[in-house]
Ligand SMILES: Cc1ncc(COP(=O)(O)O)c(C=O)c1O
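There is one chain below, alone, in structure tokens, taken in the form predicted on its own.
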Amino acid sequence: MDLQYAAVMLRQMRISNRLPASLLPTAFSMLVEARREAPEFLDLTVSNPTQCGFDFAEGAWTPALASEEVLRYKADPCGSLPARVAIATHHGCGVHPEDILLTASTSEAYSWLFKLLCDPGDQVLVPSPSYPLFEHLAALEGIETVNISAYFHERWCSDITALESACGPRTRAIVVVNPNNPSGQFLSIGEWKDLAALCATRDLALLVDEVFADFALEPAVDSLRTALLDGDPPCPVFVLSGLSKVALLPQVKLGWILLRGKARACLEPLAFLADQYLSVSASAQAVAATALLAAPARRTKVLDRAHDNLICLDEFLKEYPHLSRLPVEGGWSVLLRRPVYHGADDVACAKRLLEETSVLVHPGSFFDLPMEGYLVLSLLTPPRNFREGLSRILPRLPVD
């Protein structure tokens, strides 16, 4: 159906205001689709590892799909015990299988936690910059997100004072991403202590998204590589992860919630929520253990590519001293910093690069960066495409 016609029809129907006011594509996304079929098109934003030319020997866990566990499905709201044992072993840090609840994805984990912790009209505080996900997931649960911008001082730092000021009578939780996407920064130990103390004082839950925690790249000073290192946090802590990133398997829909500290008391109500959906497939649970055993070798390939692409970028930047990049402590993205001049916001810059060079990059505003002057590149990009893309776009970024 034509999108414009569908929009007209929707305005004549009564649908929930939890959905966005408009679902029409933006001018930038329409330009991307118009350019995508051009033979010279290069995508420096691709972040799906199954589309980046890696050889992961996908058939390695095929026998698990024919196991008795799959053929004779027995539902468990928390997820199958063998899968939870494998996940607990993967994480270590004193995690036990009974501290884990399986979900079909990290997004579903968020939706269940919002259901668990919030009534309609409640609030959660979310980080900025970050991947544009939380606002829509929260709205679909009838709750509100309050974006709290980090401040930049050689690195993006959590603004604890701003978080505390934003806490109101209907605030129920704080969300953090460790390491952040797209800045790639891990929480510092000091930030973690301040966040946990604030949540304990205000009776809030702390939701920690650690899908990229296994992808440490450049050295980080005083970093907390995983919230699981705090075995006895002073507030309820829910840690989220999944096979999509941990094992480079976005097509195998399996995520999980790890309960720490006082959050362990929430296992039964979470299991009740999960029992209403039973969304996690038996096949995904059956392959979890095998996939996690294969995951380290797969991650090594991704980390090697990310390191190589960072070296390539640094070599290019020697020729363009007016450009720079931020350190990448972890994850798959790098922030390219450019001079800001009048009338050239990040979207306009990305649009111009696409029109002039047929190279797609993300504008920083896509990730709610609180200032102009950033473009976001994926370090998963095949090296040949990454180098060619840089050779096209860097000369087009003026000094001022």
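Counting begins at 1, following the sequence as shown. It should be emphasised that the depicted structure is a prediction, and the values quoted were computed from it without experimental measurement.
The discussion below concerns the form predicted together with the named molecule, not included here.
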query	finding
Heavy atom of residue 245 within 4.5 Å of the named molecule in the predicted bound form	yes
Interface membership of residue 181, the named molecule in the predicted bound form, 4.5 Å heavy atom rule	yes
is_contact(residue 293, the named molecule) in the predicted bound form, heavy atom dist at most 4.5 Å	no
4.5 angstroms heavy atom contact with the named molecule in the predicted bound form for residue 107	yes
Residue (of 197, 157, 133, 162) lying close to the named molecule in the predicted bound form, criterion heavy atoms within 4.5 Å	133
Heavy atom within 4.5 Å of the named molecule in the predicted bound form - the one residue of 113, 239, 177, 306 that qualifies	177
Partner-facing stretch of 210 to 218, 310 to 318, 120 to 128, 282 to 290, counted where any non-hydrogen atom is within 4.5 angstroms of the named molecule in the predicted bound form	210 to 218
